[in-house]
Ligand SMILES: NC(=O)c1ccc[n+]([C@@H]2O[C@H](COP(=O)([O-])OP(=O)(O)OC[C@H]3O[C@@H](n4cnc5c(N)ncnc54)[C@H](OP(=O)(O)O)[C@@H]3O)[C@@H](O)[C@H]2O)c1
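The form predicted on its own is given below as one chain in structure tokens.
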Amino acid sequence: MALNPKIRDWRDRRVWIVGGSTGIGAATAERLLAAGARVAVSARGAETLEARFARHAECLRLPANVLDTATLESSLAAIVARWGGLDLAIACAGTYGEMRAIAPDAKAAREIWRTNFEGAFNVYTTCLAQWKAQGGGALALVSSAAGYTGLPNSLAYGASKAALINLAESLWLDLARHGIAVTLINPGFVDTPLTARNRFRMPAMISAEQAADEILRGFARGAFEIHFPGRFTRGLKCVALLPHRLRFWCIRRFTGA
């Protein structure tokens, strides 16, 4: 049974992608524009937004910082002024850095936690009043399969994504009765500027465009969780269900930690 309304027709649907200048966010914006949606994209860099979406005259380019709620509020106001409301917000902004427990970087960890978790929470709180006023809406949070279980070299990033998974579940339980859908998106390895920083082998890597296709298929199913690629995420889900002794052995075995 679908946990969210199934979205199969995107024509004239009003979508705001926060963190949409590169990677999964940008590829999803391109797919939605092609499907007839009215799309607004936000990111910190105005030049990057213009460079990516200049050919889409109908696309709203709204620079915003997820840690500066005033910029989010002004972007939402511009969307509502243009389109009269907002149907779906996708919180896609995030950052990443390798970090091992033996050598923690507190400043870098705080930046990761704030951007990935607080930033997504800020998108939600910015949109909530508008969705209550219009009688419904939808939120999608882009987390990661790295949030399923602890992983080596993922001290700050994995914790931030685990928090997002918990947040999405809590939001769905509270908001479904108010007509506000919540979707959790958990990618595995996707070829983006963030994963380009990794210095280890990334199994089952897919392109940002393939990730965008998976996301749209998940919305069409009315899924709560959209995770991909399945051959990777399903395996990690199974590992996360194991008793700790066996789980830690498997993770060490397959990561070489």
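Residue numbers here begin at 1 and follow the sequence given. Owing to the predicted nature of the structure, the values given are computational and were not obtained by experimental measurement.
Same protein, other form: the form predicted together with the named molecule, not shown, and the subject of what follows.
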So if I measure heavy atom distances to the named molecule in the predicted complex, which of the stretches 89-97, 102-110, 132-140, 165-173 falls within 4.5 Å? 89-97
Any of the heavy atoms of Ser75 lying within 4.5 Å of the named molecule in the predicted complex? no
With a cut-off of 4.5 Å between heavy atoms, is Ile24 one of the residues that contacts the named molecule in the predicted complex? yes
4.5 Å heavy atom contact, Ser144 to the named molecule in the predicted complex: yes
Do His56 and the named molecule come within 4.5 Å of each other in the predicted complex, heavy atoms counted? no
Can you pick out, from Gly36, Pro203, Gly45, Gly222, the residue that has a heavy atom within 4.5 Å of the named molecule in the predicted complex? Gly45
In the predicted complex: members of 165-190 within 4.5 Å of the named molecule, any heavy atom: Pro187, Gly188, Phe189, Val190
